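The chain below stands alone, shown as structure tokens; this is the form predicted alone.
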């Protein structure tokens, strides 16, 4: 009986302990008594062994002495800045403070404006702001007999250096990529756009993580309605934590049931800068190198930064190749199944006989045969991604060759099926956007299923459903199939053919930019100015 009561008592005690919410509250103001401030601060960060607190006394030898206390987190704050720029400065310079400035508010203002040599200093009057700042890497400074404190910028944690993006191959262009540090990523964008109209609005998401999320746009180019919609959706997110930009992407996209990505993601600062110049909005999230770009369209996902770095005819050829590769990635296995199973009369006689000869002895139907090879390919692809780099590449290449050759020799699949699946895999790798390539890989199974049931009619039926689905999709109010929806011939041609740069004088229509002019024609401006002068002269 005693054990039962003991168990109930311990469980009740544990529940009370875990149910107690110690979330910092900005409504809780600081006290004038420094001991009370230390007590409350330690309550907020109880059982946090990485909390560093340092109490010390400063002041003029002939005047009053002031008790002070510093709070910061070990590993987040730069110890050198704390020691050299704060404590050393206070302990040395405070000795020389005139007596008339060594008391009350005058001393506080002197500490804030003159004694501390940290670049960024801001004032606070509540525990919520102070605790959150300390957890973000800053240092909180409290002074006895004052109900105000100072937050000092001492952020200096270990971070990864700027490196080349690992998920977006760079053929031509800058080789620096975003890192996991939010401020570094903002700086990488500002290096490319030295314009005061580039605005950065920061919000904090996650009740526990308080992750910094920045919304970047160029004032005067980006449409205010799109910027407001992005901020509105971000502010409606109420989740315990945001650990990666993928959380945000899934929370703010227009249709979470669609296969297709409704936000573009990138690891390259030059891509983010180019999209900002076109009127897009860029979302940067702390702790991840992946930025989100809104709005986006289906055809913009086929474009790459190198399209505008190379000559127009090279970029146009590559765009056509990507579109062709996307078609093969989706329908190559389905077309084979439809032709062999339902429409063999559409094949040339020699080809039909060759396919029949290679399939002799294969125990499965063409549908099962294609399904086996496609599933094997997906398993090999996933294994190659999860394994370490050199091993993953070896498994991907050797595994594909060994499995394909062994399957043909065992009579499980035909050689032509191995060739088709290889074409399907290579075509999916030609799509520059990873999310779009994954969507096409999933659609390939849908096409295969309908082709096995109704042949070419099934493929046409899926295409009709796909077009209907794409037409209904929107990304922050923008039609996903723009510019096909408005069908402006010049914009439609731009899908496949990238015009020479001197001819790209306007920004894309889908971003609804306030300033549509990308390039000014100096000759026309000079002629118009000359005409005005002539008119004035007459």
Partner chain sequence: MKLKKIFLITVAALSIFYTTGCWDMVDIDRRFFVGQIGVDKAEDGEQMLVSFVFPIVRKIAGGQGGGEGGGGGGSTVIAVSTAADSIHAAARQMAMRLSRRLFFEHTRVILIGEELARDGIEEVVNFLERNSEINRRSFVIIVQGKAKDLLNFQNEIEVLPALYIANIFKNRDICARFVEVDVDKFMREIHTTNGNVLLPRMTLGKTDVKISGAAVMKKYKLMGWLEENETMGANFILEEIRGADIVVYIPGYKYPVVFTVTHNKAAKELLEAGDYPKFRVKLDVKGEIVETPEQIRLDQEMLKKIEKLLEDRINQIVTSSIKKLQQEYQVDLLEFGVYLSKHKPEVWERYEKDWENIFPDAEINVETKVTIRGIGASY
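If you're wondering where the values come from, they're calculated on a predicted model, not measured in any experiment. Positions refer to the first chain, counted from 1.
FYI, the form predicted together with the partner chain isn't displayed, but the following is about it.
At a distance threshold of 4.5 angstroms between non-hydrogen atoms, residue 274 is out of contact with the partner chain in the predicted bound form. Residue contact with the partner chain in the predicted bound form: residue 161 places no heavy atom within 4.5 Å of it. The partner chain in the predicted bound form is not approached by residue 314, whose heavy atoms all lie more than 4.5 angstroms from it. Within 4.5 Å of any heavy atom of the partner chain in the predicted bound form lies no heavy atom of residue 187. Taken together, the three residues 202, 305 and 320 all stay farther than 4.5 Å from the partner chain in the predicted bound form, as judged by their closest heavy atom. Of the stretches 282-290, 164-172, 447-455, 427-435, only 447-455 has residues with a heavy atom within 4.5 Å of the partner chain in the predicted bound form. Shown without its partner, this chain lists 250, 349, 324, 235 as candidates; in the predicted bound form, only 349 has a non-hydrogen atom within 4.5 angstroms of the partner chain. Only one of 114, 344, 241, 98 lies close to the partner chain in the predicted bound form, with a heavy atom inside 4.5 Å, and it is 344.
With contact defined as any non-hydrogen atom lying within 4.5 angstroms of the partner chain in the predicted bound form, the contacting residues in 365-381 are 365, 366, 367, given in sequence order.
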